[in-house]
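First, one chain by itself in structure tokens, the form predicted on its own.
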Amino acid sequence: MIQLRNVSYTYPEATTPALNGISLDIAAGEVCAVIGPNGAGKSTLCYTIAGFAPYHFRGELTGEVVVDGRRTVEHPLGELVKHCGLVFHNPLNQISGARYTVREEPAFGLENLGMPRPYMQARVNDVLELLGIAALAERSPFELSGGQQQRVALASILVMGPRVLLLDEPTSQLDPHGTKEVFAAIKALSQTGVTVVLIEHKPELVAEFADRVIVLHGGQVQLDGAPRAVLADPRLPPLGVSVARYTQLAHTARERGLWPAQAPLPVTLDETVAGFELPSINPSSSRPAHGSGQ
């Protein structure tokens, strides 16, 4: 679905590239999380896949970017956005202000495509329900909280039915409940064949919902693999990425003999609980041997 071949991108007047020789293949229906420190190139990667770099931001792009069978440099941005939806970090950058209610905001894009009214109404209702904001349908987007606005911005992209969805920190302004709802919606979309690339700084959620994790540093791919392997990798801190708190806990426990050396380090709460319940590290199971005099 997404192919990058030796892709580099340099912003106008920058002296070093924001992306430097990246090659990736991301399959249809895959949820791919991108993590890394500030300035690693995460947002630029999304902009490049969407075609915003170089069309919107200008700058110099080398290499080849193919999305849904289209080389981005061969198609105008207005054509690319029909197939690849980008949700920005700040929802106010995305809410049009041309419509007055939450219900009308997602419909705006469909109106521009000339979609029949019954289709638009049904499509908007489905997306608002999916994101848990149907009760806000008649309110102004500018009266909502930051987290609610973020979901409205996401709805405006989802309603267009893109085959590729790019999300730049989609839950940064959401509470834990809203975050879970959005991630569940993202996972449901991927199961329909939508390819999702998301920038996210919450390793526990990445571990639960992502199929793959890519670590960027200095505009290059440093780690790429399954969430459990990448998120527990000891090379993360030197790359400016914090490991999950559950991984840190288990690592400390291992140093004190409370976590089996052969057991993998956990990246989720459930894995951590299950690990501490293993017989080999359960204090109650070790007491009889300790008192046997051997």
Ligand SMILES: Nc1ncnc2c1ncn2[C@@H]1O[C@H](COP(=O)(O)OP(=O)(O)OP(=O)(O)O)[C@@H](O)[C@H]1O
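One rule holds for the numbers: they count along the sequence shown, beginning at 1. Given the structure is predicted, the values throughout are model-derived calculations rather than measurements.
One more form of this protein exists, namely the form predicted together with the named molecule; it is left out here, but the text below deals with it.
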Worksheet item: So in the predicted bound form, does L236 come within 4.5 Å of the named molecule, heavy atom to heavy atom?
Response: no
Worksheet item: Does the named molecule get within 4.5 angstroms of any non-hydrogen atom of T62 in the predicted bound form?
Response: no
Worksheet item: Using heavy atoms and a 4.5 Å limit, would one call P37 a contact residue for the named molecule in the predicted bound form?
Response: yes
Fill in: is_contact(P227, the named molecule) in the predicted bound form, heavy atom dist at most 4.5 Å
no
Fill in: Contact residue in the predicted bound form, from E169, E104, D211, E111 (heavy atom within 4.5 Å of the named molecule)
E169
Worksheet item: If contact means any heavy atom within 4.5 Å, which of 244-252, 37-45, 64-72, 261-269 contacts the named molecule in the predicted bound form?
Response: 37-45
Worksheet item: Hey, which residues along 1-20 are within 4.5 angstroms of the named molecule in the predicted bound form, non-hydrogen atoms only?
Response: Y11, A18
